[in-house]
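For reference, the chain that follows is the form predicted alone, supplied as structure tokens.
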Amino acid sequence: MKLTFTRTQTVGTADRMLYGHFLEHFHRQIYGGVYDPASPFADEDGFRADVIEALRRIKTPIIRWPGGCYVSAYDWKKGVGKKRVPAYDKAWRVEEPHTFGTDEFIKLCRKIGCEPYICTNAGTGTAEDMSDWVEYCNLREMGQYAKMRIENGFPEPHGVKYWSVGNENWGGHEIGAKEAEEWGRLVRESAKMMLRVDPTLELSAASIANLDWNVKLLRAAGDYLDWVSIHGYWGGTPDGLKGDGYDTVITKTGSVISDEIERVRAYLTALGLEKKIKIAYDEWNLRGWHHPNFIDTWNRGAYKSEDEKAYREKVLGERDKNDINSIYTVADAVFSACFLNTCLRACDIVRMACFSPAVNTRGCVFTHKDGVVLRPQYFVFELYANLMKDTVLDVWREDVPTITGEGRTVDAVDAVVTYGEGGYAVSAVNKSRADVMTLDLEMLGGGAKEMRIHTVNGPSVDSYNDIGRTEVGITDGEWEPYTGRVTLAPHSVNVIEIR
């Protein structure tokens, strides 16, 4: 495969928020994940210092919180102050202790060095609830909620810039699901109140790649929005144990991702909003979360609320399967890199993406009592966040090899060229299970002197990391004279530095 490029022909500037993450009050993401005062790794505030270090290492730029489905019945006021009263979480059917709330989230983000992104309750919540939350976070001293924050020990405003009205309120699974017209009105009125508290906010609203939903949302509230939020999970794990195999995963790395982006772009363009409103892919992962029976569909009525053993086996016990590390293989790394490449190619309109989630469940960091396991996806973020440049170049592709699986043909190599301080960085993913690929780079204008390659890979497509087992990681090459030719190992994610 040959790539021809010049630094004068660009697609746009990639926002570092494309390498963002997400946390929800589900299973072990918060309690036992980022927050675990009983852990020997806990710092003075109860946060896992090893998790914070892992998220710093990949330069996490932004974290979205607290949901997710959880937020659509969440009362933020119960999660602040000295007295935290536990409550039943109607989204995930557990008791929420409220020991991790807004102030703890802000502390976490400050420790990591990232922007906080708060998703509001647009299910059972109201426009006033949402604007009250902005008051608590961003007003200096006016009003009861700023004074409440000060009384809680935070004299300075939290200064939260990024806010989302709602989660997946377009879906019947969501508490407080809305019809399209109803949604447009709620977003408009919520945005008006939130912006009257702080006009510097950047606001997003829950959306989906659907014409009717977007037209009604954008006509009603487009003037108030900076973002639309879309989500994507592409890999099935019906039993929680065995997910899509490598060949199936590879078929989902082509236009399956980009088609959704282009549909949403088309809706924005049709309404003249493509220069104003950006896309936030603020939940994405190859594998959807495993949580069967959370609406008790397995045998409604057979489970009685007092039968805690059956509840834990049928509902909570199933969620433990998310933490089986052998599920997360080289396939996850290859898919994640292809997703990020797709966003980079659409960087003029996709400006944020939040991997879902950051820790535990399907996350790239797994916690256990003796430390953390870094899953294969983690190393993709380590390469991209630390090495990829900000300017995405327009690339001419020739002799692109293809691979076919399950009736779908996709490019065998997925590559993006970026330019910035110090030179070029090229991300190149070889999706082939067994074949080595050669990548020829033709840089118009010349000037390159040296190159080196960094590779994420494992011995096989099924390689994974676990406690006491490290099969997937990064191999760093040495600087060598620039030749313009790179060899890509099978099932590998690569970043080539050129200077």
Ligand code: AHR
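Note that residue numbering begins at 1 and tracks the sequence as displayed. In this text, all values refer to a predicted model and were calculated from it rather than measured experimentally.
Absent from the display: the form predicted in complex with the named molecule. The rest refers to it.
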Among W234, W289, Y419, Y145, just one has a heavy atom within 4.5 Å of the named molecule in the predicted complex, namely W289
Answer key, the named molecule contact in the predicted complex at 4.5 Å (heavy atoms) among Y162, W227, W92, F100: the residue is W92
**Asked** Just to confirm, G33 within 4.5 Å of the named molecule in the predicted complex by heavy atoms?
**Response** no
**Asked** Do E168 and the named molecule come within 4.5 Å of each other in the predicted complex, heavy atoms counted?
**Response** yes
Even though the partner isn't displayed, in the predicted complex is E283 close enough to the named molecule, meaning a heavy atom within 4.5 Å? yes
Q | Proximity of C69 to the named molecule in the predicted complex, heavy atoms at 4.5 Å | A | yes
Per contact check vs the named molecule in the predicted complex (non-hydrogen atom within 4.5 angstroms), the hit among 168 to 176, 364 to 372, 154 to 162, 254 to 262 is 168 to 176
Contact check, 5 to 30 vs the named molecule in the predicted complex, heavy atom within 4.5 Å, ordered by sequence, gives E24
